[in-house]
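Okay, so here's just one chain, in C-alpha cells, the form predicted on its own.
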Amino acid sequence: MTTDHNAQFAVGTETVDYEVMHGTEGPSVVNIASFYKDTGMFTYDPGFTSTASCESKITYIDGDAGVLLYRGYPIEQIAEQGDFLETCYLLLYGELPTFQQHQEFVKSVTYHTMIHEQMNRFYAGFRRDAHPMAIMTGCVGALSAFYHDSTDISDPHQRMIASIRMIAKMPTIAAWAFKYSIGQPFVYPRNDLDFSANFLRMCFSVPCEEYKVNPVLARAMDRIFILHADHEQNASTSTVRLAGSSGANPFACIAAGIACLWGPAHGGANEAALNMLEQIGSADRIPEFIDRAKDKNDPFRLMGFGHRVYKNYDPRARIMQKTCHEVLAELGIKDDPLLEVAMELEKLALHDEYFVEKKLYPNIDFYSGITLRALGFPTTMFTVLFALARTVGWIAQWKEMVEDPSQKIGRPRQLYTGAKRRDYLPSAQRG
C-alpha cells in the first residue's frame, strides 16, 4: 500500500488535506478517519457503498470487468483446477499449500468433523418443522459452550484451532440440520471420504442401505463451495467483522454472519431465482415476464440477474452454468423445464437492449438453484449450503481483522432526524 496527500475538502472557509491510500488493485481511498475531528461533521453513506471499512489482502472484486480473485488467483482457475480445502488454506494463510501442507491441512480438518455428542440433544430442542437456517444459527452459536479451549481470540493457537473446527464441523452441523428437518437419523462423518463427498453422504445416506458417493456430483458440490467461499466485504462478512471487533468469540461471530446471510437479499437469492423460474413455467411465457420486468409499475423482478457489485458477467456464473449442465447430464435430466426456461431467459435477456443497457447479466444464483435442486436439496437448504461454503471466508476475514493492529470496535455514526431536546413531563401534566 502506498499513500500521498492530495485530497482536499473545502468545508466553509477552511480547506482540509487528507491522505489518499492506494491498494494493489482497485480504486484508491481517501482516509477520512479524522474528518469529524477536523470539521465537526460526519460523512453520510447509506449502505456504506462508498466506504472502505478495512484494509484486506483476501479477496478482490472488479465489478466492471467481471473479475473475482482469491488472494490474487482468478476464481475460474481455482474452481477448475483446485479443491475446496485447498481454497480454504489459501484464504486462511495467503498462499496455495505445498503437497505436504495440503495433506496436513486435509487431515486436520477431517479429524475435526465430528461434533460433541451432546449437540444431539440441542437439535432435539427445535420443532420438527424448524427452518434449517434457524437450526444452523443456534447450533453454531452453541459451539462456544462446548469448545472453551478455542475462544480466547488473543491466543494465535486458539484462533487456529477455532478456524479448523469451524471449517470441519460446519458440514456436519448443516447435514444434521437437513436430516432433522426431514425426520431422518443423523449420519456421522467418515474419515476416508473427502470434504464434499463426506457432506453428500451425511445428507443423503440412510442406515438401511449402503450409499455410494457419485464423484461427478461430489466434484460439483466442491466447486459450488469454492465459488461461494468468499466475496469481499458483503453484508454477512461485514457483520462477522463488526461482531468480531467487539472481541466476541469466533463461534458467536460466525453465528452472526449466518443470521445476516439468511436475508433474501443476500443468501436467499438463489432460492428466489428458482421460484421465479417456476413462476414463469415455460419458455413461451418469457417475453411476458421480460415486459413485466421493464415496467416500472410492476413489482415483478427478474431474480438472478444483475449484482450489487458486478456490472459485467459474474465470473462465477459461467462456472456455475457449466457445473449445472454436468450435474443434469450425470443424473440423466435432459429435459428439465426449469433449465430450458433458464437458458432461453438468459439468451433473450443478453440480447435485449434494456438488459444490455442496464448491464443485467446472469449471476451465480441464476444457475445454482437449479443445480442444488438436481442434487436433491430442498430450497430451505440453499442458504445453509451458502453458509457452509462462506464459513471459511468469514473465518479468514475475522482472523485478518483480529490480527490487524489498526482495527477498532465498529461504531458507525448517524444523521439524526428525530425530535429536538425536550423535557419530561409527569403523566398528569401531559395534554
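By rigid core we mean the largest C-alpha set that fits within 1.5 Å across both forms. Small disclaimer: the values here were computed from a predicted structure and weren't measured. The numbering used is simple: start at 1 and walk along the sequence shown.
If you look for the form predicted in complex with s-citryldethia Coenzyme A (SDX), you will not find it shown, but the lines that follow are about it.
- Between 161-169, 72-80, 226-234, 177-185, the stretch whose residues reach within 4.5 angstroms of s-citryldethia Coenzyme A (SDX) in the model of the complex through a non-hydrogen atom is 226-234.
- When contacts are judged by a 4.5 Å heavy atom cut-off, residue 241 does not count as touching s-citryldethia Coenzyme A (SDX) in the model of the complex.
- Shown alone here, residue 317 lies farther than 4.5 Å from s-citryldethia Coenzyme A (SDX) in the model of the complex, counting heavy atoms only.
- Residue 264 belongs to the set of residues with a heavy atom inside 4.5 Å of s-citryldethia Coenzyme A (SDX) in the model of the complex.
- By the criterion of a heavy atom within 4.5 Å, residue 386 is counted among the residues contacting s-citryldethia Coenzyme A (SDX) in the model of the complex.
- In terms of contact with s-citryldethia Coenzyme A (SDX) in the model of the complex, the residue from 190, 308, 121, 285 that brings a heavy atom within 4.5 Å is 308.
- For the options 248, 216, 333, 293, the residue carrying a heavy atom within 4.5 angstroms of s-citryldethia Coenzyme A (SDX) in the model of the complex is 293.
- Contact annotation for 174-191: no residue has a non-hydrogen atom within 4.5 angstroms of s-citryldethia Coenzyme A (SDX) in the model of the complex.
- With the core held fixed, the Cα of residue 299 is displaced between this form and the one not shown by 2 Å or more.
- In the core-superposed comparison between this form and the one not shown, the C-alpha atom of residue 289 has shifted by at least 2 angstroms.
- After superposition on the rigid core, the Cα atom of residue 90 is displaced by less than 2 Å between this form and the one not shown.
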